[in-house]
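What follows is a single chain, given as structure tokens, in the form predicted alone.
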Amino acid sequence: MDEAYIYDALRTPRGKGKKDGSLNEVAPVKLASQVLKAIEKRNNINTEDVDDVILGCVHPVGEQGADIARTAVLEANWHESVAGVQVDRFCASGLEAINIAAGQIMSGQSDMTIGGGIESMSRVPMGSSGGAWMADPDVAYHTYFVPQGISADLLATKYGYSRTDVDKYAVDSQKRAATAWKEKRFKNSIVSVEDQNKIEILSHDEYMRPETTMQSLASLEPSFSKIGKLQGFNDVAILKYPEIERLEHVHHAGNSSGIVDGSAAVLIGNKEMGKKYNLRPRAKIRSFASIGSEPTIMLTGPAVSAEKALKRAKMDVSDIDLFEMNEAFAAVVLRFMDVLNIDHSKVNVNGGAIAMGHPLGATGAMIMGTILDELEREDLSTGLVTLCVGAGMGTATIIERV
């Protein structure tokens, strides 16, 4: 089996996922193509040598439809021989794209690939693609479907995470992200986004709220209490988990991931491609795994997928120096740390999606770049990236610096 090496990782800043967000004026395909162009320019590669571009995209409809990966390749003016494909594993789509791209290298079927993601949530709103799981009453009934926010509150209730616990985690995320930006820890991975006139419109993560405190969060109403009670989702959750007498609604806009726009790309190749372009491998993919988990509570998959990836790499949790676990909701990360007995000092050291936002299909690729940069900054060796996934799944990837 060939080694799959990461040669580079770039991302756009995250723009607020609303009509007044800075990236709203940029079409999704152009958001993706700008990152591809930056990868090409920084590494001085002939794109004819890139076999495939795999992009995660959770809602491949409208402007994000019709295989946006191939369209982005064409928009970036890459060689016409470069293939492109869109993949969807909900929130883990960007990491799944990296795993597929790496798998092509490992199997010897490709020499150089891109794994990444795109989501313009201001232009293609969350839920746009629909789906039987939530829309077909028969499917929803038999699977005990509840919206993900209800799952987060169910997780917090079942495992005893209070409003104070999740708010404290959220404040820490904001502080860490603010410090990371202040110390310019992301500077080597950010591609400033330009408008159609080549004028820079965003160079920093726009969603951050560094002034957040426990007091300011305490004033926010729970986001999922009304739909839980009025639409019966609390009852569905309790039917599935009868040991829960009632749901405690602890999640709100301040301790849940932010809605944002963004794209990312990771350049992966074999050793020969690195030699051809005189590129130094930054890390190699040690292992990866995706798993299914119980779909009502939905958000317990990260620890299980991490354990599976560790087993495949013949490693233990103690062998990992840093972890990036997507902050979909604060309780999800708290549970992940508890299950694997990981200290918070090793997890999301530069903040996460609570502070900077979660551009669904792109997030997995973004946090891969984040952990790679941090491993280099701290001169550490191994990192594990993982995300919870809708419908009850988890995806994880382990990398090791070269």
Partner chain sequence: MILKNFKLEVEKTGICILSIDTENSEINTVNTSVINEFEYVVNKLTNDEDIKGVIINSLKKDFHFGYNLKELLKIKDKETLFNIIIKQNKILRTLESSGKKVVSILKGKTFSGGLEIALSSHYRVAADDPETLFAIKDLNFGLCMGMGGSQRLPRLIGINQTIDLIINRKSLTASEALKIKIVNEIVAKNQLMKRAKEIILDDSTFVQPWDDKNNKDSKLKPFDEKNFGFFIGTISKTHSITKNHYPGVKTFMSCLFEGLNSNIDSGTKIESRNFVWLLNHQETKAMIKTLVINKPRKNLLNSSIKELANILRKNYAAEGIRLLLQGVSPAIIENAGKRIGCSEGPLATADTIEIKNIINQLDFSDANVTAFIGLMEQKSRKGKSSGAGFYDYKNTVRIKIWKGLEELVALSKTQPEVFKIETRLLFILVNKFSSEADNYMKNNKIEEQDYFSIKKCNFPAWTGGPYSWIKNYGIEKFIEESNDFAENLGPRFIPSKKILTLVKN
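This structure is a prediction, so every number in the text was calculated from the model and none was measured. Positions refer to the first chain, counted from 1.
Only in words, not in the display: the form predicted in complex with its partner chain, which the text now covers.
The chain is drawn here without its partner chain; in the model of the complex, the stretch among 128 to 136, 319 to 327, 209 to 217, 168 to 176 whose residues come within 4.5 Å of it by any heavy atom is 128 to 136. Contact check for R246: a non-hydrogen atom falls within 4.5 Å of its partner chain in the model of the complex.
Using a 4.5 angstroms threshold between heavy atoms, F288 stays clear of its partner chain in the model of the complex.
Using a 4.5 angstroms limit between non-hydrogen atoms, L230 touches its partner chain in the model of the complex. Among heavy atoms of D235, some come within 4.5 Å of its partner chain in the model of the complex. With the partner removed from view, the residue among L74, L239, V85, I201 that has a non-hydrogen atom within 4.5 Å of its partner chain in the model of the complex turns out to be L239.
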